[in-house]
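Single chain ahead, by itself, as structure tokens, in the form predicted on its own.
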Amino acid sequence: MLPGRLIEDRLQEAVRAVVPDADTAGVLVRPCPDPKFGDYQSSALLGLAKARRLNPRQLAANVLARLDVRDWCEPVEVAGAGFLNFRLKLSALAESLRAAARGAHLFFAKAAPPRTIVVDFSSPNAAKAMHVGHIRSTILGDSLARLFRLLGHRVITDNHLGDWGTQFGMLLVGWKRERDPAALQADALAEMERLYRKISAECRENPATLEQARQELVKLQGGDDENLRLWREMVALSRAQFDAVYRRLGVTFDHTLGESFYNPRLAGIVEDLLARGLARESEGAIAVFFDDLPLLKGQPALVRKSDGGFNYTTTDLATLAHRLETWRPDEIVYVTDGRQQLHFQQLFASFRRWQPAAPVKLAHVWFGSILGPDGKPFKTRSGDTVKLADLLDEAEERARQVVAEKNPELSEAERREIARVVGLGAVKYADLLPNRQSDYVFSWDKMLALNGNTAPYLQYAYTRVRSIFRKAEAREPNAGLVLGAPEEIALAKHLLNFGWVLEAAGAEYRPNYLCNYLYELAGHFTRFYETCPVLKAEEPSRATRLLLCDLTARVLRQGLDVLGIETLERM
């Protein structure tokens, strides 16, 4: 077990001995915010003392009398009002490095017990090309799924495709009347978007076309064979192009259950809500009201429209019911933009009333917008929405130009592979680095820079570490591990914090914590490498430093993999 966890376990035992009625689940040990005070710190005794009207420093002294961490720590210090500061012995630090080197851990522990977590992300609309707005949900959701899996949880990813609704009535009119087979074969989504725009405009001007679209929709919803066949073809063509983008991004889903999958359940859900007295009629529509909830008072959740149609809340309630029945999750995470906050507040409140005993955590992980240099939503120069495939093409091409300039001796095939990894990594990292709830300005120059907090910088840091081993001569394994230089110790202690950062990123759904940790790790390595010769050092320093290099590379690679970013042996 890792030193921090061992210290935490011993501290909880000591607290139970002194305060038998204490809930020690909240007695936590975490990395010390300021290294000058120690390596780990616990503030838990302050809350325990306050709740029991005890002197916190006296409680700390009583706990310390029962606390035995001599194998791993220097004498524990009581600081301030009752903080406990722990400083690791170098022997404990070295043993943790040795354990990581032999594969016992990589500075993190698997969750015990593991939980079942459903991650709902990406969710494009059929018959529309994925655009830049889909990138945040797709990349953030994929990263969270990777993170939860790494921590040992059972993760189920579901792409809740928008494949049902009034737009298909208009699409069916256009499809039957004037689709271009050649255009459809060349770019199916572009052709479907053309058809939708044309018929939608006609519907606004021509009541006859609007009525025709309504009739086609009624036939589709009624199970008409021809309309169902055409609709399935539209969805299949859409998914084929979506899947091409997902393959480029390295994103996979366990399930892609669109809105249409839940359609048969919607009427029954509304009837159930009415029967339980949870929904009522209002102006011909059916809604769930929240008169007792100040934040939602006056903002009812519509579950059936006055024309008899259903909406997102109804579909999402059906989706929740299906997930609970099928996968029995402990947690469901929805990754969408911040504009949907009200919808999810209404959805969660409706669901809690409908199924109050359901033991599931519901989380809306929302994010801000991507802005252009002008501070407005990111668009093309002509003002159109930026298509995601075009954005990825440009990322790879810009990266290829950088690679060609830096390494002209590489073959074209090598340049393109490096450009693919660097370009896509740059886009992903630039999206994950900011606080997810903030807007950020899209900048090619910043994201592709080889210095600063960027993916190319971290990818290059990894290749630089790996290059050391291409130069190293094979030698007999040396069991000696001696940490002496301050830069060695600082790097080793930063490696030890990898697990804490992973857990914090998962608990708060914030991969940016991991981005910043990896950037700091690369900085620690640079200072270590510039100060401490590796290959020219004498033993046991040489073996110690090679071990630090190897572990740094492994953590960099694992951390970037959680972010969905590939690494290269050469750049």
Ligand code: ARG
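Only a predicted model underlies this, so the values are computations on that prediction, with no experimental measurement involved. Numbering starts at 1 and follows the sequence shown.
A second form of this protein, the form predicted in complex with the named molecule, is not displayed here; the remarks below concern that form.
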{"property": "Touches the named molecule in the predicted complex: Y312 (any heavy atom, 4.5 Å)", "result": "yes"}
{"property": "Interface membership of Y429, the named molecule in the predicted complex, 4.5 Å heavy atom rule", "result": "no"}
{"property": "Partner contact for F253 in the predicted complex: the named molecule, 4.5 angstroms, heavy atom", "result": "no"}
{"property": "4.5 Å heavy atom contact, D316 and the named molecule in the predicted complex", "result": "yes"}
{"property": "Interface segment, criterion being heavy atoms within 4.5 Å of the named molecule in the predicted complex, picked from 190-198, 393-401, 419-427, 338-346", "result": "338-346"}
{"property": "All of H134, H160 and Y334 within 4.5 Å of the named molecule in the predicted complex, heavy atom check", "result": "yes"}
{"property": "Option touching the named molecule, based on a heavy atom within 4.5 Å in the predicted complex, out of N453, Q241, S123, Q167", "result": "S123"}
